[in-house]
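One chain comes next, on its own, written as structure tokens: the form predicted on its own.
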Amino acid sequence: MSFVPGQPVTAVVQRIEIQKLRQGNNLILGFSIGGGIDQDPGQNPFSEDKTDKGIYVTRITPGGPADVAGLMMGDKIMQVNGWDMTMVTHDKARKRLTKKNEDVVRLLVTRKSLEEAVKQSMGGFPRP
């Protein structure tokens, strides 16, 4: 998925709700992120468009909260609890995900397989 900064983004998204796991004073999500507007997009192994500075899931802990919720490695995070994540720094994304006063994280993500499924399903129908 590519986009032009300042222009509307069209994306096929999936809602994922992750219940954080409490371990002592820590709340565990069970995944890691990469990307952000302050990072080198050329280093992102999940984006075909090497100018994409989005936030991507880079690791999932097997059996962890994110894995149980259906998050997948390579998912692009579009929103966290209603906050836009398409143009944020890596640190801002991390802070939005790890807020101590939130036991649940509601994500909107897009993934390549979602976009491909929609394109295939529309292939046999004439466009208006």
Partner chain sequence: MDNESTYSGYSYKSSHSRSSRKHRERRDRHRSKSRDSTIRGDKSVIIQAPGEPLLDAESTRGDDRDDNWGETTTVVTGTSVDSISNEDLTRISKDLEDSSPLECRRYLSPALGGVLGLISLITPLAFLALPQLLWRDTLDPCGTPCEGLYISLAFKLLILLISTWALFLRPPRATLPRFFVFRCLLLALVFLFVASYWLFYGVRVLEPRETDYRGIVGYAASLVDALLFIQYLALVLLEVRHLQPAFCLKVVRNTDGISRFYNVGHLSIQRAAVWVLDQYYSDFPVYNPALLNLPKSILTKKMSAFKVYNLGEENNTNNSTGQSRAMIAATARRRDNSHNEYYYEEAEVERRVRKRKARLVVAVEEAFTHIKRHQDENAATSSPKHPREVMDPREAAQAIFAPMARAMQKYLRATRQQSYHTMESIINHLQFCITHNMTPKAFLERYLIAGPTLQYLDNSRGRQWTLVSEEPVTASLRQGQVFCLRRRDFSLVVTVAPLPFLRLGEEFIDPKSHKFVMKLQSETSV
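Keep in mind that this is a model prediction, so the values were computed, not measured. Residue numbers count along the first chain shown, from 1.
What comes next is about the form predicted in complex with its partner chain, which is not displayed.
With the partner removed from view, the residue among Asp84, Glu48, Asp38, Asp103 that has a non-hydrogen atom within 4.5 Å of its partner chain in the predicted complex turns out to be Asp38. Only one of Gly34, Gly74, Gly64, Gly70 lies close to its partner chain in the predicted complex, with a heavy atom inside 4.5 Å, and it is Gly34. Shown alone here, Gln79 lies farther than 4.5 Å from its partner chain in the predicted complex, counting heavy atoms only.
Among heavy atoms of His90, some come within 4.5 Å of its partner chain in the predicted complex.
Within 4.5 angstroms of its partner chain in the predicted complex, the stretch 88-108 places a non-hydrogen atom from each of His90, Arg94, Leu97, Thr98, taken in sequence order.
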